[in-house]
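Quick heads-up: it's one chain on its own, the form predicted on its own, in structure tokens.
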Amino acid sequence: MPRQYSFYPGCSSQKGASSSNYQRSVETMCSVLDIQLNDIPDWNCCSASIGYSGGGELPRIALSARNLALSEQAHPDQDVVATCAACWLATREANERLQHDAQIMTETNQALAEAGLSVKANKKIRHMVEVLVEDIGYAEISSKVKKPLEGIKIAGYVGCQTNRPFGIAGESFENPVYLDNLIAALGADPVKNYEKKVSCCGGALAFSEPEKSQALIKDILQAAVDNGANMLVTPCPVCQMNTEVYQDQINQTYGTNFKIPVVYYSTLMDIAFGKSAKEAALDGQIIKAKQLEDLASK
């Protein structure tokens, strides 16, 4: 029997969206690990960053609460899992607020009642990496490796949304090592002293104040390069996008020469599991991960 989870895909995973390649690589990864993701029917946007900047507290929480209510109806015995760091953070925050604030729970259910829904907020909200670490484990992941990622040095860029305020259980806020451990389980060489692993990439500032975001990204990339990394790996779609797509602009502004691939953990796992470049969604890379492509073709 596969492990089953109620799955919140999030907007950026949809076909043609910015992290649709992430979704494809996750599907491949799950097929190897015997994980079944059951989509929440008629899910909606979690409101992500915009909900905090001007949407108001109750509307923001009600958006995520609607997804929770739909999950409770469709998959009542399953934890909710998200792959997007922003979706996971928004949904988990809503769930915790609902559990610990009776007034918010009452007001949210009043809002949901207009759509014939109600929420209990009685299930865990988990990022996919929590499932990998807690339910699957590094040993089982390592046992699935057919093509070890030998000779590849990788910086695990955790970012900030999967790290604070909640974090991954048992991990340090300053130096979470789950990506390092995963990299090692796949046969690659983790950059263990990567000092920018939890630094913010600027998030949505990439659009509103690009010069500030790009200054942050430059430092993240420079630290990886200074530590000899061949590529970065991340659990966050916004982190992946920001650190990959702005490298040319950063090079132009700062006179740097960055051309370092930034991939998802699921992509790394797929290649190590012996899957094709297409199954691992390497065709979605803007900066090609040639070392992974070469390994996939062997």
Partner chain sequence: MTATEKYRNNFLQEVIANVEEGEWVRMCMQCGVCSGSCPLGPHWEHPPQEIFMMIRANKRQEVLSSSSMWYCTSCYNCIARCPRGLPITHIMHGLAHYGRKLGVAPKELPTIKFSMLFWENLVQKGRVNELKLGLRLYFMNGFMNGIKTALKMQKIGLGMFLTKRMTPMEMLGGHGCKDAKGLQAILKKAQQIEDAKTVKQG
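Positions refer to the first chain, counted from 1. Worth saying up front: this structure is predicted, and the values here are computed from it rather than measured.
Keep in mind the form predicted in complex with its partner chain is missing from the figure; the text below concerns it.
Peer 1: In the model of the complex, does every one of Thr28, Arg126 and Lys192 come within 4.5 Å of its partner chain, counting any heavy atom?
Peer 2: No, the whole trio is out of contact, none within 4.5 Å by any heavy atom.
Peer 1: Given that the partner is absent here, does Val177 sit within 4.5 Å of its partner chain in the model of the complex, heavy atoms only?
Peer 2: Heavy-atom contact with its partner chain at 4.5 Å: absent for Val177.
Peer 1: Verify the contact flag for Cys11: yes if a non-hydrogen atom of it lies within 4.5 Å of a non-hydrogen atom of its partner chain in the model of the complex, no if not.
Peer 2: So Cys11 counts as contacting its partner chain.
Peer 1: Is the gap between Val145 and its partner chain in the model of the complex 4.5 Å or less for some heavy atom pair?
Peer 2: Heavy-atom contact with its partner chain at 4.5 Å: absent for Val145.
Peer 1: Heavy atom to heavy atom, is Glu57 within 4.5 Å of its partner chain in the model of the complex?
Peer 2: Heavy-atom contact with its partner chain at 4.5 Å: present for Glu57.
Peer 1: Among the candidate stretches 224-232, 127-135, 103-111, 73-81, which one is within 4.5 Å of its partner chain in the model of the complex when only heavy atoms are counted?
Peer 2: In short, 103-111.
Peer 1: Counting only non-hydrogen atoms and a 4.5 Å cut-off, give the residues of 216-239 close to its partner chain in the model of the complex.
Peer 2: Residue within 4.5 Å: Leu216 only.
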